[in-house]
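Below you'll find only one chain, the form predicted on its own, shown as structure tokens.
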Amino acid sequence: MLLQGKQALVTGGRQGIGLAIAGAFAAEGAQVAVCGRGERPEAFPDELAWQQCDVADPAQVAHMAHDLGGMNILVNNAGIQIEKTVTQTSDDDWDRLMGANARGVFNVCRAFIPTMADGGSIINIGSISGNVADPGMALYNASKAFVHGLTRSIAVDHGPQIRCNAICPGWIETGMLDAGFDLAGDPQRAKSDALARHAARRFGKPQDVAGLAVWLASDAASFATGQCFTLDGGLTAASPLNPGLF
């Protein structure tokens, strides 16, 4: 029970990585609230509280912060992916993606940091796409680079009261994975090639991210702050040579 007695908020926890993190926190003893833009989903786990909130709206975030009060753990997971290059991107695309992925993280941190308990842990969900550019996802790549930079700034400005780290997943088995491969001329070949480039020879699962999040949220990670932890099955450790051909 690594998180016994702690209060946690996970944004964007309706499904995928966010739901896996929320469930793992609850299993370790935390009281967990999850937020999303819609109403509480049907058959949502009873042990998780639900807050309806669009994190891109600072007024809604401020209201949620007032309702929930001080948190020990904050996970900024809410985000979307748009598969477009810069020249294909519209102003509406910018507002939607940067509102959720960049401004949303900023809004939540700004609202909750003043009331977080000493020793609090903020975990931002970044991406390897913030370090290396995935083709056809210009805004998504840029938004995750913003998250990484904000993570370091919060750690520097608000330590030692608060630790702030980012988890930078690689290809995780969610809806975003298939949407990315669908950009390729031959999606199945692209997926097979990507698997061969993973030292783990598999894609990640939401539970893989949740395991690292539990550690970062716990007192066992008390000396970890300002870091962006890559979790990609060894994908970015490899050279451009395809190891599946050797």
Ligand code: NDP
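None of these values were measured; they are calculated from a predicted model. The numbering used is simple: start at 1 and walk along the sequence shown.
Just so you know, the form predicted together with this ligand exists too; it's not on screen, but the next bit is about it.
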Taking 4.5 Å between heavy atoms as the contact cutoff, choose which of 155, 102, 80, 111 touches this ligand in the predicted bound form. 80
Any chance all of 37, 56 and 144 sit within 4.5 Å of this ligand in the predicted bound form, going by non-hydrogen atoms? yes
Proximity to this ligand in the predicted bound form (heavy atom, within 4.5 Å), stretch among 155 to 163, 111 to 119, 170 to 178, 85 to 93: 170 to 178
Touches this ligand in the predicted bound form: residue 151 (any heavy atom, 4.5 Å): no
Classify residue 233 as contacting or not contacting this ligand in the predicted bound form by the rule of any non-hydrogen atom within 4.5 angstroms, answering yes or no. no
Touches this ligand in the predicted bound form: residue 125 (any heavy atom, 4.5 Å): yes
Can any non-hydrogen atom of residue 23 be found within 4.5 angstroms of this ligand in the predicted bound form? no
